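One chain comes next, on its own, written as structure tokens: the form predicted on its own.
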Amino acid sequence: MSQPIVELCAVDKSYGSNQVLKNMSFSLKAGEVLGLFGHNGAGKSTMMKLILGLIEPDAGSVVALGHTPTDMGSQTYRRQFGYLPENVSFYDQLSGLDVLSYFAKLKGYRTKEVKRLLNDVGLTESAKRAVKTYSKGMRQRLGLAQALLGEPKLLLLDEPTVGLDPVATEDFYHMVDRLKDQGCAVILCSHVLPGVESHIDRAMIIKKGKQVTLGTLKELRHFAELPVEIKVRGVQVSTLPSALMNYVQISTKSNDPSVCFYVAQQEKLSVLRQLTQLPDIQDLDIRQPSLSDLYSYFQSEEAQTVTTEAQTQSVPLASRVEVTV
């Protein structure tokens, strides 16, 4: 079995009396994209700084690419890291081409890939313009280009789509998909959850410095037990059989002719069979709990209470999902 690209084991980190990470443990393998989610101040940026070797843990261990990031001589393998901070900042008087060439030299890479990267992020026509003339989205794309220098084996992205328009955002996620296929491990931090969902392998949700849950979306759905939404058009509530009425939620929108059913995962097929036999049905849509739904659930006090009770009773929470309080 190959060695993890990143591994944190029982990591604690405090700033003075403020403990920002508590007993944090997880691993990340090559070609895996981990979505890291939490409110502001939850500890996401601190975790990235630990992996980058910018700070040291108070307890526990951090290993990246087989090394402790703060060890002497770590500069050599840290060149295989790519990092995009939430707020990028460059020398305003330099051009985009000059900035990227400068970072390429700092990392010890040949500058021949600079023009290719500028093209990849859509900045070829603006390459010779001063950065001070760039919009926020253009600065973000330039930051992404510097993070991709040298085809990194580990990429850390903190709010990478801030300032990007929808087309540029979609292009960015396609780029992440390509890097994943090439074996790059990615940790992606974002508050814009809908765009992230189809591009991550696992999600970690943290709250006040502690890992709340970690798993695939399928595993998180299994544990959260949030209902499936089935929206049906063409039927009247008054004509529904009594067996289906327990699942109905009446729409508050006067112009919405559909009827919504909220159904437990294990009852989904049974309810669908009943719905498709209704004589007046015109259309039907199914919506699984989204990443945004799961995030809201795991940040709620309800999730904390359920998790605590399950752990106290030593009940398995899910087949593989990791849940902690």
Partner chain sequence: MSQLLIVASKEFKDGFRNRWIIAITLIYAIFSLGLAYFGSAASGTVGFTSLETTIISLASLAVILIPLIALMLAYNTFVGEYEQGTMLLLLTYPISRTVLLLGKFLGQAVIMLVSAILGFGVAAMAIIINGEVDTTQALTAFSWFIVSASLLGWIFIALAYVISLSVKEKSQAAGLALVVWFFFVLVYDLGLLALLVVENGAISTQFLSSLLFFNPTDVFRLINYQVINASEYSGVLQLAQGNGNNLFSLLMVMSGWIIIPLAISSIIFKKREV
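From a predicted model like this one, the values you see are computed outputs, not experimental measurements. Residue numbers count along the first chain shown, from 1.
One more form of this protein exists, namely the form predicted together with its partner chain; it is left out here, but the text below deals with it.
Engineer: Have a look at 248, 106, 192, 175 for me and say which one sits with a heavy atom within 4.5 Å of its partner chain in the predicted complex.
Structural biologist: Among 248, 106, 192, 175, a heavy atom within 4.5 Å of its partner chain in the predicted complex occurs only for 106.
Engineer: Have a look at 291, 52, 63, 271 for me and say which one sits with a heavy atom within 4.5 Å of its partner chain in the predicted complex.
Structural biologist: Going through each option in turn, the one that passes is 52.
Engineer: May I ask whether 15, 89 and 149 each come within 4.5 Å of its partner chain in the predicted complex, counting any non-hydrogen atom?
Structural biologist: Each of the three qualifies.
Engineer: Okay, which stretch from 192-200, 224-232, 160-168, 94-102 lines its partner chain in the predicted complex, with non-hydrogen atoms inside 4.5 Å?
Structural biologist: In the other structure, the partner sits against 94-102.
Engineer: Please determine whether residue 83 contacts its partner chain in the predicted complex, using a 4.5 Å cut-off between heavy atoms.
Structural biologist: Yes, residue 83 is a contact residue.
Engineer: Residue 218 near its partner chain in the predicted complex, any heavy atom under 4.5 Å?
Structural biologist: Output for residue 218 is no: heavy atoms all beyond 4.5 Å of its partner chain.
Engineer: Does its partner chain come within 4.5 Å of any heavy atom of residue 207 in the predicted complex?
Structural biologist: No - in the predicted complex, heavy atoms of residue 207 and its partner chain never come within 4.5 Å of each other.
Engineer: If you check in the predicted complex, is residue 78 within 4.5 Å of its partner chain, heavy atoms only?
Structural biologist: Residue 78: yes, in contact with its partner chain in the predicted complex.
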